[in-house]
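Here you get one chain, nothing else, as structure tokens; it is the form predicted alone.
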């Protein structure tokens, strides 16, 4: 579980947050104070890092939320097989398969940058 807990008020646009147990990048963040005795609320809109789905939530600004620790890593393309490619992490030398994203034309020995959270990976 590579994640940590923080308050909603500490979130910023461009950072990551867990929405519906999915790591999301925050696209919009707004706060509102409903009245004299009400606590301030924050509305957070995000897009899934790995599935690109839009998600949002509204909570008091002092509520605790989970923030995923998404690693940005470097890799080298080892082999290409149809719509998949074999990638080697340049720090750990671990090899793993990745799906080639649309619009990308990799060739062996190309260096790529990818995001990793637990067992999920995405080429950036």
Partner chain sequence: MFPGAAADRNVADYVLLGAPLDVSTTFQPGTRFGPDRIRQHARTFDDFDHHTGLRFSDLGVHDGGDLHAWDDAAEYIGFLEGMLSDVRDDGALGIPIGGEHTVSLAGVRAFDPDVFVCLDAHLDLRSEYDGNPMSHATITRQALDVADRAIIVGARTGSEDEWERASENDVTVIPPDEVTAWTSELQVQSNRILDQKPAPASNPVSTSDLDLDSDSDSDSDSNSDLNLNFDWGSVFGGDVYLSVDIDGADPAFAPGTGTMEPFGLMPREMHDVVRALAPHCTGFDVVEVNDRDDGQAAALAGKLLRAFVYEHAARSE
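Numbering follows the first chain given and starts at 1. By rigid core we mean the largest C-alpha set that fits within 1.5 Å across both forms. This one's a predicted model, so the numbers in the text were calculated from it and none came from an experiment.
As for the form predicted together with the partner chain, it is not shown, yet the points below apply to it.
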{"item": "The single option of 99, 54, 72, 64 touching the partner chain in the predicted bound form, heavy atom within 4.5 Å", "value": "54"}
{"item": "Residue (of 95, 79, 83, 58) lying close to the partner chain in the predicted bound form, criterion heavy atoms within 4.5 Å", "value": "58"}
{"item": "Close approach of residue 42 to the partner chain in the predicted bound form, 4.5 Å, heavy atom", "value": "yes"}
{"item": "Distance check, residue 90 to the partner chain in the predicted bound form, heavy atom within 4.5 Å", "value": "no"}
{"item": "Partner contacts in the predicted bound form for 9-39 (non-hydrogen atom within 4.5 angstroms of the partner chain)", "value": "30, 31, 32, 33, 34, 35"}
{"item": "Core-aligned C-alpha movement of residue 34 between this form and the one not shown, 2 Å or more", "value": "yes"}
